[in-house]
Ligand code: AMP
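Only one chain is included here, represented as structure tokens and corresponding to the form predicted alone.
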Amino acid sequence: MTLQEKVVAAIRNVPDFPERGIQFKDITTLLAKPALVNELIDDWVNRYEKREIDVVVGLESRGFLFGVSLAARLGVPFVPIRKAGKLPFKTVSCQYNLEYGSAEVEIHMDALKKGDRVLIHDDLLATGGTARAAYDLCKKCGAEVTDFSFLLELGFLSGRKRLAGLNAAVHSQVIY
């Protein structure tokens, strides 16, 4: 069985969550499989260890689950991007549009240095709004985003299109 097949088999589908018509991809069942989690981290490390990554940035909150381990294994810092008002120090922020309304994410203003090569990691690429906001935050800090890494991608929502033209590679372990 391939890694992608193992991931798909380990994820629980929850119909009609958080609202009717949504097929939620619950990764908590995958997190309960430490051998599979280690295999995923190994795969990401093999993919990125030669990419000259300086920092792994993870998106709140599920991007922290694998992002911290990935950064540690690559021997680079981990930097969280959080929802507005959650970080204790001075921040840089970025607002972005959601399907209904808008949201705002922040990063500590001193978290990245000019020229840092950044890998942005999250569990899910859906419409691409949060990933694009993370990219914009990193750019505001003077960093260069070289890669996006996702556990899952909902290809039918076309989030990858929102990241097109950013000169950063996009990799998803599984695309639905």
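Residue numbers here begin at 1 and follow the sequence given. Predicted model, so just to flag it, every value in this text is computed and none were measured.
Absent from the display: the form predicted together with the named molecule. The rest refers to it.
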_Heavy atom contact within 4.5 Å of the named molecule in the predicted bound form, the stretch among 119-127, 35-43, 106-114, 140-148_ = 119-127
_Non-hydrogen atom contact A10 with the named molecule in the predicted bound form at 4.5 angstroms_ = no
*Determine whether any heavy atom of R62 comes within 4.5 Å of a heavy atom of the named molecule in the predicted bound form, and answer yes or no.*
yes
_Within 4.5 Å, heavy atoms only: does I22 come near the named molecule in the predicted bound form?_
yes
_Can you tell me if L154 lies within 4.5 angstroms of the named molecule in the predicted bound form, counting non-hydrogen atoms only?_
yes
